[in-house]
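Below you will find one chain, with nothing else, as structure tokens; this is the form predicted alone, and questions on how it binds or moves follow later.
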């Protein structure tokens, strides 16, 4: 028997839906967004004031970390309001410069006319440079390279007039955008003497952040013009500061890896790229850098005779960018020379754009060695003519030379019968009876120790914190001394009368 239907009254959900609709936030108006952005900028002014007053660089680094999120919301009106909040008068040198490049020379600013010229507040240099950096990134995002180049020249003149260690992080950021603007305007060679001069000055001033940034910019400049020997000399003679920002260290290691790879030092290049990838931010903001580093690392591992991990090519951040390199790895892994040549012909434009084309051309010998190794494992005896046909070589003499070189390099265990013209493979030994496992274990231990040492060096502590801890330790020692003296003098024997009857 079916259950009777319940006749409960239906609940009207209109009120509930209206309530849910009311809770949905309405899109903010442009005026509200501008007010929020201006509030963030003023809050950064407070952080910069703390950084200058307490000599705490972490406040400046905090301001610069928020620059990426802030630059996407900048508008001319917001920058004019920022000038109004930062400078006491539109006649200030930096204020007039910013308003000129914004096309707002006739804009009015709130000025307290009752105050005399002698009591005019002085603009903090950190705030001054920060506002100039905001206009730098705004002009860069707008794509106005001519105006950016002209503004950079005047802004750098203002920056070089200061000499404050609390400006180091902001100065490094301004130099970065200055060099990038020159690179976009095809003025790479003209920029080099100025960067070298400022690097010398920053070294004498012990300006760690600017010195690290300029060293990185010079390496990029040399690599842009293929001046590899000069870049190598800079790496040898210029000590890179260990206390630099992590992102700058990552870029420096990447450029060092490129230099070492071009100079055939693949082991050192691989170590530098591993450090660059580990130190780079693992976020979508650094996707371009991580993709470039992984592309170069794939080529270096292939040149070293290793096969990269397949998991690299499956990650969403790298899957599309590393697709041509995946086909290249397949060709090298199986030792197919025709497939390798077809891959280079198909993706030649991509490899040239990535700057890895010349390194990839070196892989042909690796492909041939891999093919020989595969044949030595498959056949106990194979003629040199068959090797020549399979590897698409010019003659049997070329095949004999390549096989002999592979035997000398330890790629294969075989012998060559020159009279009969064939290669005889030797019996495969147990790999655990060789030194290879010991060497691999040694490399892992070496990597772990270096990772531990770098982690210890990267630790940062609040300045002057040790003084507070030292003061607390001294107070504790004073209390212990007082307690000991009281015990010796018998001041704590007042309660002994309670035990007279025992």
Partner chain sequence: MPQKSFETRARELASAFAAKDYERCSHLLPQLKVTLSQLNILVPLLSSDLELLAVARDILEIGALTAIFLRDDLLFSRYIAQLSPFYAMKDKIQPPSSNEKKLIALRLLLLLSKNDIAEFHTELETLEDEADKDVYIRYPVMLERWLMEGSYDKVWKATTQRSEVPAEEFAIFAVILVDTIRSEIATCSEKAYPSLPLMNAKHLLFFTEDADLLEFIDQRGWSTKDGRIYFPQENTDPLESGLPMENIIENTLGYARELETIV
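Residue numbers count along the first chain shown, from 1. It should be emphasised that the depicted structure is a prediction, and the values quoted were computed from it without experimental measurement.
One more form of this protein exists, namely the form predicted in complex with the partner chain; it is left out here, but the text below deals with it.
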>> So the partner chain isn't shown here. In the predicted bound form, which residue out of 153, 306, 141, 397 has a non-hydrogen atom within 4.5 Å of it?
In response: 397
> What is the one choice in 85, 238, 404, 321 with a heavy atom within 4.5 Å of the partner chain in the predicted bound form?
Replying inline: 404
>> Within 4.5 Å, heavy atoms only, one stretch in 289-297, 221-229, 131-139, 240-248 touches the partner chain in the predicted bound form. Which?
In response: 221-229
> Taking heavy atoms only, is residue 365 within 4.5 angstroms of the partner chain in the predicted bound form?
Replying inline: yes
> Is residue 452 one of the residues lying within 4.5 Å of the partner chain in the predicted bound form, judged by heavy atom distances?
Replying inline: yes
>> Please tell me whether any heavy atom belonging to residue 472 falls inside 4.5 Å of a heavy atom of the partner chain, as the geometry stands in the predicted bound form.
In response: no
> Using 4.5 Å between non-hydrogen atoms, is residue 445 touching the partner chain in the predicted bound form?
Replying inline: yes
> Out of 341-356, which residues reach within 4.5 Å of the partner chain in the predicted bound form, heavy atoms considered?
Replying inline: 352
